[in-house]
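Next comes just one chain, in C-alpha coordinates: the form predicted alone.
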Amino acid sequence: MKFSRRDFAKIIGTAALGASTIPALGAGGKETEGLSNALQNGTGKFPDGFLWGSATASYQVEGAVAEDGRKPSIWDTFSHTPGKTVEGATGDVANDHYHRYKEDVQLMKSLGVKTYRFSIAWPRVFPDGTGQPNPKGLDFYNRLVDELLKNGIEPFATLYHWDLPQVMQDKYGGWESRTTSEAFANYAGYTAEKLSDRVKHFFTINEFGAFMEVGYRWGVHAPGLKLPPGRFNQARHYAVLGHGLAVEAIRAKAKADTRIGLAENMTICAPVIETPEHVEAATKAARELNAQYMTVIQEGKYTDLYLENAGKDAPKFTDAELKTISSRLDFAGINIYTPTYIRADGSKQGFAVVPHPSSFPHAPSPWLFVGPEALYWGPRHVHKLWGVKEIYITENGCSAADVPAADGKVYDTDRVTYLRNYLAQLQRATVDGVPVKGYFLWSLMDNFEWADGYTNRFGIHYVDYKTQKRTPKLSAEFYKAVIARNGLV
(Lines give C-alpha, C1' and ligand atoms only; values in the text may rest on other atoms or scores of the structure.)
Protein backbone atom coordinates (compact mmCIF):
# COMPACT_ATOMS: atom_id res chain seq x y z
CA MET A 1 0.00 0.00 0.00
CA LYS A 2 1.27 3.49 -0.83
CA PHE A 3 1.56 5.84 2.12
CA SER A 4 0.33 9.37 1.76
CA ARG A 5 2.39 12.28 2.92
CA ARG A 6 0.09 12.61 5.90
CA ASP A 7 0.64 9.11 7.25
CA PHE A 8 2.05 10.76 10.35
CA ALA A 9 -1.10 9.72 12.17
CA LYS A 10 0.27 6.19 12.17
CA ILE A 11 3.69 6.95 13.65
CA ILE A 12 2.60 7.81 17.15
CA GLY A 13 4.37 4.77 18.50
CA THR A 14 7.76 6.31 17.69
CA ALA A 15 7.48 9.02 20.30
CA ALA A 16 8.26 8.42 23.91
CA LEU A 17 5.26 7.36 25.95
CA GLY A 18 5.94 8.74 29.33
CA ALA A 19 4.64 10.73 32.24
CA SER A 20 4.81 14.49 31.87
CA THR A 21 4.62 17.40 34.22
CA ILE A 22 1.67 18.95 32.41
CA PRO A 23 -1.04 19.81 34.94
CA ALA A 24 -4.65 18.86 34.52
CA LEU A 25 -6.52 21.51 32.55
CA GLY A 26 -9.53 21.57 34.78
CA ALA A 27 -12.54 19.42 35.32
CA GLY A 28 -16.19 19.83 34.72
CA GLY A 29 -18.40 21.09 31.97
CA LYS A 30 -16.47 24.23 31.05
CA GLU A 31 -13.90 22.25 29.08
CA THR A 32 -16.51 20.71 26.82
CA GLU A 33 -19.30 23.22 26.57
CA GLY A 34 -17.85 25.21 23.67
CA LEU A 35 -19.48 23.20 20.90
CA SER A 36 -22.94 23.49 22.37
CA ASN A 37 -22.39 27.22 22.86
CA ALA A 38 -21.26 27.60 19.26
CA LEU A 39 -24.23 25.74 17.88
CA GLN A 40 -26.83 27.19 20.21
CA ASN A 41 -25.90 30.82 19.77
CA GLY A 42 -27.47 30.69 16.34
CA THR A 43 -24.71 32.54 14.52
CA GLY A 44 -21.94 30.05 13.83
CA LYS A 45 -19.74 33.09 13.19
CA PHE A 46 -15.96 33.25 13.38
CA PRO A 47 -14.13 36.19 14.95
CA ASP A 48 -13.99 39.46 13.05
CA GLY A 49 -10.92 39.59 10.85
CA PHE A 50 -10.63 35.79 10.61
CA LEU A 51 -8.44 34.95 7.60
CA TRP A 52 -9.89 32.44 5.15
CA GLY A 53 -7.42 30.99 2.69
CA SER A 54 -6.40 28.09 0.50
CA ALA A 55 -3.10 26.27 0.07
CA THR A 56 -0.87 24.45 -2.41
CA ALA A 57 2.77 23.32 -2.56
CA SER A 58 5.38 23.96 -5.23
CA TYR A 59 6.15 20.45 -6.47
CA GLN A 60 2.49 19.48 -6.35
CA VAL A 61 1.27 22.24 -8.68
CA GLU A 62 4.01 24.16 -10.48
CA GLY A 63 5.38 21.84 -13.16
CA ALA A 64 8.06 23.53 -15.29
CA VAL A 65 10.67 21.45 -13.51
CA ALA A 66 13.51 22.30 -15.91
CA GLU A 67 12.64 25.92 -16.73
CA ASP A 68 14.45 29.13 -15.86
CA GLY A 69 17.39 27.45 -14.18
CA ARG A 70 15.58 25.10 -11.82
CA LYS A 71 17.48 21.88 -11.16
CA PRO A 72 16.13 18.55 -9.84
CA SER A 73 14.80 18.06 -6.34
CA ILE A 74 14.65 14.77 -4.50
CA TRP A 75 11.03 14.48 -5.63
CA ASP A 76 11.99 14.76 -9.29
CA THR A 77 14.42 11.90 -8.80
CA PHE A 78 12.08 9.83 -6.66
CA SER A 79 9.01 10.19 -8.87
CA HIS A 80 11.03 9.20 -11.94
CA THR A 81 12.22 6.02 -10.20
CA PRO A 82 10.04 3.10 -11.39
CA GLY A 83 7.59 1.80 -8.81
CA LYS A 84 7.81 4.74 -6.41
CA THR A 85 4.55 6.49 -7.33
CA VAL A 86 1.15 5.23 -8.44
CA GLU A 87 1.14 4.77 -12.22
CA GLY A 88 4.60 6.31 -12.39
CA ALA A 89 3.20 9.81 -11.92
CA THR A 90 5.58 12.77 -11.67
CA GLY A 91 5.32 16.48 -11.03
CA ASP A 92 6.89 17.37 -14.39
CA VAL A 93 3.74 19.21 -15.46
CA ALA A 94 1.40 18.81 -12.48
CA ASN A 95 -1.09 21.72 -12.69
CA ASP A 96 1.20 23.86 -14.84
CA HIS A 97 0.75 26.55 -12.19
CA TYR A 98 4.11 28.05 -13.20
CA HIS A 99 2.46 29.27 -16.40
CA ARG A 100 -1.17 29.46 -15.24
CA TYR A 101 -0.73 31.24 -11.92
CA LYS A 102 -2.79 34.25 -13.03
CA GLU A 103 -5.71 31.97 -13.84
CA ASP A 104 -5.32 30.28 -10.46
CA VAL A 105 -5.27 33.60 -8.63
CA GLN A 106 -8.62 34.34 -10.27
CA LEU A 107 -9.95 31.05 -8.84
CA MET A 108 -8.96 32.34 -5.41
CA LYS A 109 -10.50 35.74 -6.02
CA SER A 110 -13.80 34.17 -7.10
CA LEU A 111 -13.88 32.24 -3.82
CA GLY A 112 -13.30 35.41 -1.84
CA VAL A 113 -10.26 34.07 0.01
CA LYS A 114 -8.22 36.63 1.91
CA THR A 115 -4.95 34.65 1.95
CA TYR A 116 -3.03 32.08 -0.06
CA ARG A 117 -0.40 29.75 1.32
CA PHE A 118 2.10 28.61 -1.30
CA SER A 119 5.57 27.14 -1.08
CA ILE A 120 8.79 28.29 -2.68
CA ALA A 121 10.90 25.68 -4.44
CA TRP A 122 14.39 25.73 -2.97
CA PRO A 123 15.92 24.34 -6.26
CA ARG A 124 14.44 27.27 -8.19
CA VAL A 125 16.13 29.85 -5.96
CA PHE A 126 19.36 27.92 -5.27
CA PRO A 127 19.51 25.18 -7.94
CA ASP A 128 22.61 23.66 -6.32
CA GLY A 129 21.31 24.10 -2.79
CA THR A 130 24.02 26.62 -1.94
CA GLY A 131 26.27 29.00 -3.83
CA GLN A 132 24.89 31.53 -6.27
CA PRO A 133 21.14 32.26 -6.24
CA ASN A 134 19.12 32.02 -9.44
CA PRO A 135 17.34 35.33 -10.16
CA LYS A 136 14.98 33.79 -12.73
CA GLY A 137 13.75 31.29 -10.15
CA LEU A 138 12.96 33.96 -7.62
CA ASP A 139 11.29 36.08 -10.31
CA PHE A 140 8.43 33.60 -10.54
CA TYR A 141 7.57 34.18 -6.90
CA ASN A 142 7.87 37.93 -7.36
CA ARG A 143 5.30 37.70 -10.16
CA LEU A 144 3.03 35.46 -8.09
CA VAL A 145 3.19 37.70 -5.02
CA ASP A 146 2.47 40.80 -7.09
CA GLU A 147 -0.50 39.10 -8.74
CA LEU A 148 -1.90 38.04 -5.37
CA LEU A 149 -1.59 41.51 -3.90
CA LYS A 150 -3.12 43.09 -7.00
CA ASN A 151 -6.18 40.94 -6.38
CA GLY A 152 -6.42 41.67 -2.67
CA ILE A 153 -5.01 38.32 -1.48
CA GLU A 154 -2.35 38.23 1.23
CA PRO A 155 0.57 35.87 0.50
CA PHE A 156 1.77 33.41 3.15
CA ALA A 157 4.98 31.70 1.98
CA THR A 158 6.37 28.30 3.02
CA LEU A 159 10.11 27.96 2.50
CA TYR A 160 10.35 24.16 2.53
CA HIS A 161 7.60 21.83 1.36
CA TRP A 162 9.79 18.81 0.68
CA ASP A 163 11.54 19.67 -2.60
CA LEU A 164 15.11 19.45 -1.32
CA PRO A 165 17.70 20.11 -4.05
CA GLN A 166 18.95 16.71 -5.20
CA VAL A 167 22.54 17.85 -4.91
CA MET A 168 22.09 18.30 -1.15
CA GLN A 169 21.01 14.68 -0.90
CA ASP A 170 23.82 13.44 -3.11
CA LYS A 171 26.62 15.39 -1.43
CA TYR A 172 25.55 15.49 2.19
CA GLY A 173 22.82 12.91 2.74
CA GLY A 174 20.10 15.54 2.92
CA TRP A 175 18.75 16.10 6.42
CA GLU A 176 21.28 13.65 7.85
CA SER A 177 23.80 16.48 7.74
CA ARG A 178 24.08 19.75 9.62
CA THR A 179 25.37 21.18 6.34
CA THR A 180 21.85 20.89 4.94
CA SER A 181 20.46 22.70 7.97
CA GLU A 182 22.90 25.56 7.40
CA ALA A 183 22.25 25.68 3.66
CA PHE A 184 18.51 25.84 4.31
CA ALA A 185 19.00 28.77 6.65
CA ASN A 186 21.04 30.61 4.02
CA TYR A 187 18.34 30.03 1.39
CA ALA A 188 15.60 31.05 3.84
CA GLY A 189 17.32 34.27 4.83
CA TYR A 190 18.06 35.25 1.23
CA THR A 191 14.50 34.55 0.06
CA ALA A 192 12.86 36.35 2.96
CA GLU A 193 15.12 39.34 2.40
CA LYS A 194 13.95 39.57 -1.22
CA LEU A 195 10.23 39.01 -0.59
CA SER A 196 9.51 40.45 2.85
CA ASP A 197 8.73 43.89 1.46
CA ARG A 198 5.46 42.26 0.35
CA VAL A 199 5.24 38.89 2.11
CA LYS A 200 4.72 39.38 5.85
CA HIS A 201 4.24 35.75 6.97
CA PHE A 202 6.82 33.01 6.38
CA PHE A 203 6.59 29.35 7.38
CA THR A 204 10.00 27.74 7.66
CA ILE A 205 9.27 24.03 7.19
CA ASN A 206 6.15 22.05 6.38
CA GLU A 207 5.43 18.81 8.24
CA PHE A 208 8.54 17.37 9.85
CA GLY A 209 6.26 14.55 10.94
CA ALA A 210 5.62 13.58 7.34
CA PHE A 211 8.73 14.17 5.21
CA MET A 212 11.07 12.80 7.88
CA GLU A 213 9.06 9.76 8.92
CA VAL A 214 7.82 8.73 5.49
CA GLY A 215 10.92 9.73 3.54
CA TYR A 216 13.80 8.87 5.88
CA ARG A 217 12.32 6.15 8.07
CA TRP A 218 9.85 4.19 5.93
CA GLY A 219 11.34 4.91 2.51
CA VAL A 220 8.03 5.36 0.69
CA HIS A 221 8.56 9.06 -0.01
CA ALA A 222 11.61 10.91 -1.28
CA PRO A 223 14.46 10.33 -0.76
CA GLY A 224 13.32 6.76 -0.13
CA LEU A 225 15.54 5.88 2.85
CA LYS A 226 15.02 3.46 5.72
CA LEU A 227 17.52 4.74 8.23
CA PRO A 228 18.43 2.80 11.37
CA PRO A 229 17.15 4.44 14.60
CA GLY A 230 20.32 6.31 15.57
CA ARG A 231 20.84 7.92 12.18
CA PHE A 232 17.14 8.64 11.88
CA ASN A 233 16.90 10.42 15.23
CA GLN A 234 19.96 12.49 14.33
CA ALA A 235 18.33 13.45 11.02
CA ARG A 236 15.20 14.50 12.92
CA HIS A 237 17.41 16.72 15.05
CA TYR A 238 19.10 18.34 12.06
CA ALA A 239 15.69 19.03 10.51
CA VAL A 240 14.43 20.95 13.55
CA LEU A 241 17.84 22.62 13.79
CA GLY A 242 17.39 23.74 10.18
CA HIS A 243 14.11 25.34 11.23
CA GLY A 244 15.78 27.19 14.10
CA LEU A 245 18.69 28.38 11.98
CA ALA A 246 16.22 29.58 9.37
CA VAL A 247 14.31 31.58 11.98
CA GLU A 248 17.56 33.28 12.97
CA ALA A 249 18.46 33.99 9.35
CA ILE A 250 15.05 35.44 8.53
CA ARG A 251 15.17 37.69 11.59
CA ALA A 252 18.59 38.92 10.46
CA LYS A 253 17.72 39.48 6.79
CA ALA A 254 14.00 40.21 6.44
CA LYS A 255 12.06 43.41 7.04
CA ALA A 256 11.50 44.19 10.71
CA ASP A 257 7.75 43.51 10.58
CA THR A 258 8.16 40.00 9.15
CA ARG A 259 6.33 37.29 11.09
CA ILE A 260 7.75 33.76 11.30
CA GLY A 261 6.23 30.39 12.12
CA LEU A 262 6.13 26.77 11.02
CA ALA A 263 3.49 24.39 9.67
CA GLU A 264 3.56 21.06 11.49
CA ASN A 265 1.35 18.00 11.19
CA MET A 266 1.25 17.24 14.89
CA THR A 267 -0.23 14.06 16.20
CA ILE A 268 -3.62 15.46 17.22
CA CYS A 269 -4.53 13.86 20.53
CA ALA A 270 -8.28 13.87 21.19
CA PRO A 271 -9.79 12.46 24.39
CA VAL A 272 -11.83 9.42 23.44
CA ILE A 273 -14.50 10.69 25.84
CA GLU A 274 -14.52 14.31 26.97
CA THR A 275 -14.34 13.72 30.69
CA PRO A 276 -11.65 15.30 32.88
CA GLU A 277 -9.45 12.22 33.19
CA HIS A 278 -9.38 11.61 29.44
CA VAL A 279 -8.83 15.31 28.69
CA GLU A 280 -5.82 15.31 31.02
CA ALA A 281 -4.49 12.13 29.38
CA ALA A 282 -4.88 13.65 25.89
CA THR A 283 -2.96 16.75 27.00
CA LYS A 284 -0.07 14.64 28.30
CA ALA A 285 -0.11 12.63 25.10
CA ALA A 286 -0.03 15.76 22.93
CA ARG A 287 3.26 16.75 24.52
CA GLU A 288 4.88 13.30 24.48
CA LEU A 289 3.74 12.13 21.05
CA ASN A 290 5.12 15.31 19.49
CA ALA A 291 8.39 15.25 21.44
CA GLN A 292 10.73 15.00 18.47
CA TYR A 293 9.37 18.01 16.56
CA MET A 294 6.80 20.45 17.94
CA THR A 295 7.60 19.97 21.62
CA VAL A 296 11.34 20.56 21.29
CA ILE A 297 10.68 23.60 19.08
CA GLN A 298 8.28 25.08 21.62
CA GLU A 299 10.17 24.11 24.80
CA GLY A 300 13.81 24.03 23.77
CA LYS A 301 14.31 20.53 25.12
CA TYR A 302 13.53 16.94 24.27
CA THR A 303 11.23 15.27 26.77
CA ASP A 304 12.85 12.92 29.27
CA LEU A 305 10.77 10.01 28.05
CA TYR A 306 11.72 10.57 24.41
CA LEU A 307 15.42 10.46 25.28
CA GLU A 308 14.96 7.55 27.68
CA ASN A 309 13.12 5.46 25.13
CA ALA A 310 15.64 6.31 22.40
CA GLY A 311 18.51 5.21 24.65
CA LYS A 312 21.74 4.79 22.74
CA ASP A 313 19.94 5.95 19.59
CA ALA A 314 19.07 9.37 21.03
CA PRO A 315 20.21 12.33 18.95
CA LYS A 316 23.41 14.14 19.86
CA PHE A 317 22.95 17.85 20.48
CA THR A 318 24.30 20.86 22.30
CA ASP A 319 22.60 23.40 24.53
CA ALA A 320 23.32 26.03 21.89
CA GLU A 321 21.49 23.95 19.27
CA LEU A 322 18.47 23.56 21.53
CA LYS A 323 18.40 27.31 22.04
CA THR A 324 18.46 27.82 18.27
CA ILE A 325 15.76 25.22 17.69
CA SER A 326 13.46 27.07 20.10
CA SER A 327 14.08 30.51 18.58
CA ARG A 328 11.11 32.79 19.14
CA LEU A 329 8.19 32.30 16.78
CA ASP A 330 5.38 34.73 16.04
CA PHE A 331 2.77 32.10 15.28
CA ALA A 332 2.23 28.38 14.85
CA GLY A 333 0.63 26.62 11.91
CA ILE A 334 -0.92 23.18 12.30
CA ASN A 335 -1.93 20.85 9.48
CA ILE A 336 -4.90 18.81 10.69
CA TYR A 337 -6.75 15.95 9.04
CA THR A 338 -7.46 13.24 11.57
CA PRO A 339 -7.32 12.66 15.35
CA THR A 340 -5.50 10.10 17.43
CA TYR A 341 -7.84 9.06 20.24
CA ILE A 342 -6.42 8.92 23.75
CA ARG A 343 -7.72 7.35 26.94
CA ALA A 344 -6.51 7.63 30.51
CA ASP A 345 -4.91 4.57 32.07
CA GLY A 346 -2.93 3.64 35.15
CA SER A 347 0.42 3.24 33.44
CA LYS A 348 3.52 5.33 34.05
CA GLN A 349 2.74 7.60 31.13
CA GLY A 350 -0.87 8.08 32.21
CA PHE A 351 -2.41 7.62 28.77
CA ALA A 352 -2.91 5.05 26.04
CA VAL A 353 -3.71 5.30 22.34
CA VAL A 354 -7.09 3.91 21.32
CA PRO A 355 -6.69 2.27 17.89
CA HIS A 356 -9.26 2.80 15.15
CA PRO A 357 -11.48 -0.24 14.59
CA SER A 358 -11.72 -1.50 11.03
CA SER A 359 -15.21 -0.04 10.78
CA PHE A 360 -14.09 3.52 11.56
CA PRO A 361 -15.18 5.96 8.81
CA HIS A 362 -12.46 7.32 6.54
CA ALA A 363 -12.01 9.12 3.24
CA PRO A 364 -10.79 7.31 0.09
CA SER A 365 -7.30 7.81 1.44
CA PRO A 366 -7.21 4.93 3.94
CA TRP A 367 -5.17 6.91 6.48
CA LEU A 368 -7.66 9.79 6.65
CA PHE A 369 -9.95 8.79 9.51
CA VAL A 370 -12.78 11.28 9.82
CA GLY A 371 -12.80 12.87 13.28
CA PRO A 372 -13.96 16.51 13.23
CA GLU A 373 -12.95 17.10 16.86
CA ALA A 374 -9.31 17.11 15.70
CA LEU A 375 -9.90 20.69 14.61
CA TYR A 376 -10.82 21.60 18.18
CA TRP A 377 -8.18 19.69 20.13
CA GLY A 378 -5.23 20.48 17.86
CA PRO A 379 -5.19 24.25 18.32
CA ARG A 380 -6.42 23.92 21.90
CA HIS A 381 -3.39 21.84 22.88
CA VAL A 382 -0.98 24.24 21.17
CA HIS A 383 -2.50 27.16 23.06
CA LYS A 384 -2.79 25.42 26.44
CA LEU A 385 0.53 23.59 26.43
CA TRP A 386 2.80 26.27 25.01
CA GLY A 387 0.89 29.52 25.32
CA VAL A 388 0.86 30.20 21.58
CA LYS A 389 -1.25 33.29 20.94
CA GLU A 390 -1.50 33.21 17.14
CA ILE A 391 -2.50 29.94 15.51
CA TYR A 392 -3.35 29.10 11.91
CA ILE A 393 -4.86 25.91 10.55
CA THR A 394 -2.44 25.66 7.66
CA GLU A 395 -4.00 22.58 6.04
CA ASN A 396 -7.33 20.83 6.41
CA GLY A 397 -9.34 18.94 3.84
CA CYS A 398 -10.06 15.47 2.51
CA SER A 399 -9.83 13.27 -0.52
CA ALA A 400 -13.03 12.26 -2.27
CA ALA A 401 -14.12 10.21 -5.28
CA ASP A 402 -14.75 13.37 -7.31
CA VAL A 403 -16.28 11.85 -10.44
CA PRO A 404 -17.79 14.47 -12.75
CA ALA A 405 -21.54 14.08 -13.30
CA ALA A 406 -23.24 14.15 -16.67
CA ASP A 407 -23.37 17.95 -16.52
CA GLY A 408 -19.60 18.10 -15.96
CA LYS A 409 -19.86 19.20 -12.35
CA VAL A 410 -18.53 17.43 -9.26
CA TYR A 411 -21.07 17.09 -6.47
CA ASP A 412 -18.66 16.24 -3.66
CA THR A 413 -21.19 16.14 -0.86
CA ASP A 414 -18.81 14.01 1.20
CA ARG A 415 -16.22 16.80 1.20
CA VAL A 416 -18.87 19.40 1.99
CA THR A 417 -20.01 17.33 4.96
CA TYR A 418 -16.43 16.85 6.11
CA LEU A 419 -15.69 20.57 5.94
CA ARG A 420 -18.93 21.58 7.64
CA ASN A 421 -18.37 19.23 10.58
CA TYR A 422 -14.69 20.12 10.99
CA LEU A 423 -15.35 23.85 10.77
CA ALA A 424 -18.01 23.52 13.46
CA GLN A 425 -15.31 22.19 15.77
CA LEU A 426 -12.93 24.98 14.77
CA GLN A 427 -15.59 27.53 15.59
CA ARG A 428 -16.03 25.78 18.91
CA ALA A 429 -12.34 26.43 19.56
CA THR A 430 -12.69 30.15 18.83
CA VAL A 431 -15.73 30.37 21.11
CA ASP A 432 -13.60 28.79 23.86
CA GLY A 433 -10.98 31.49 23.40
CA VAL A 434 -8.39 29.52 21.45
CA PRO A 435 -6.59 32.18 19.35
CA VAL A 436 -7.06 30.70 15.89
CA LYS A 437 -6.56 33.55 13.42
CA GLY A 438 -7.04 31.82 10.08
CA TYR A 439 -7.76 28.65 8.10
CA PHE A 440 -6.16 27.43 4.87
CA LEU A 441 -8.20 24.79 3.08
CA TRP A 442 -6.23 22.01 1.42
CA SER A 443 -6.38 22.34 -1.44
CA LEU A 444 -7.26 25.05 -3.91
CA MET A 445 -7.30 22.43 -6.64
CA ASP A 446 -6.54 18.79 -7.32
CA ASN A 447 -2.81 18.20 -7.69
CA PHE A 448 0.07 15.73 -7.55
CA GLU A 449 -0.49 13.88 -4.29
CA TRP A 450 3.06 12.61 -3.77
CA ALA A 451 3.37 8.80 -3.87
CA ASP A 452 -0.36 8.54 -4.65
CA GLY A 453 0.24 10.40 -7.90
CA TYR A 454 -2.96 11.80 -9.36
CA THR A 455 -5.26 9.11 -7.99
CA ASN A 456 -6.35 10.98 -4.86
CA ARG A 457 -8.03 14.35 -5.30
CA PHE A 458 -8.05 16.88 -2.46
CA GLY A 459 -9.03 20.02 -4.34
CA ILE A 460 -12.18 22.11 -4.30
CA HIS A 461 -11.56 22.72 -8.00
CA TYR A 462 -11.54 19.71 -10.31
CA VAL A 463 -8.51 19.57 -12.61
CA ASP A 464 -8.65 17.78 -15.94
CA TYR A 465 -4.96 16.99 -16.22
CA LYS A 466 -5.15 16.48 -20.00
CA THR A 467 -6.54 19.95 -20.69
CA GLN A 468 -5.60 21.68 -17.39
CA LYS A 469 -9.17 22.98 -17.15
CA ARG A 470 -10.16 23.91 -13.59
CA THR A 471 -13.82 23.45 -12.61
CA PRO A 472 -15.29 24.47 -9.24
CA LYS A 473 -16.75 21.56 -7.26
CA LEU A 474 -19.75 21.78 -4.95
CA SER A 475 -17.24 22.19 -2.11
CA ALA A 476 -15.99 25.42 -3.74
CA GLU A 477 -19.53 26.78 -3.63
CA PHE A 478 -19.76 25.77 0.03
CA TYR A 479 -16.44 27.35 0.94
CA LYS A 480 -17.31 30.56 -0.90
CA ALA A 481 -20.47 30.81 1.19
CA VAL A 482 -18.55 30.18 4.44
CA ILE A 483 -16.08 32.95 3.56
CA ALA A 484 -18.82 35.41 2.60
CA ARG A 485 -20.67 34.75 5.86
CA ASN A 486 -17.52 34.39 7.98
CA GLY A 487 -19.36 31.50 9.56
CA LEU A 488 -20.91 28.08 9.21
CA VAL A 489 -23.42 27.37 6.49
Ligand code: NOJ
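Only a predicted model underlies this, so the values are computations on that prediction, with no experimental measurement involved. Numbers for residues come from their place in the sequence shown, where the first is 1.
One more form of this protein exists, namely the form predicted in complex with 1-deoxynojirimycin; it is left out here, but the text below deals with it.
Within this chain, residue 449 lines the site of 1-deoxynojirimycin in the predicted bound form, having a heavy atom no more than 4.5 Å away. 1-deoxynojirimycin in the predicted bound form is not approached by residue 236, whose heavy atoms all lie more than 4.5 angstroms from it. With a 4.5 Å cutoff on heavy atoms, residue 46 does not count as touching 1-deoxynojirimycin in the predicted bound form; it lies far away.
Contact annotation for residue 412: none of its heavy atoms lies within 4.5 Å of 1-deoxynojirimycin in the predicted bound form. With the partner omitted from this view, the residue of 207, 163, 288, 213 that lies near 1-deoxynojirimycin in the predicted bound form is 207 [heavy atom within 4.5 Å]. Residue 337 is the only one of 202, 337, 302, 351 with a heavy atom lying within 4.5 Å of 1-deoxynojirimycin in the predicted bound form.
No residue of the trio 95, 118 and 454 has any heavy atom within 4.5 Å of 1-deoxynojirimycin in the predicted bound form. Segments offered: 419-427, 460-468, 63-71, 441-449. Contacting 1-deoxynojirimycin in the predicted bound form at heavy atom distances within 4.5 Å is 441-449.
Residues of 90-109 placing a heavy atom within 4.5 Å of 1-deoxynojirimycin in the predicted bound form: none.
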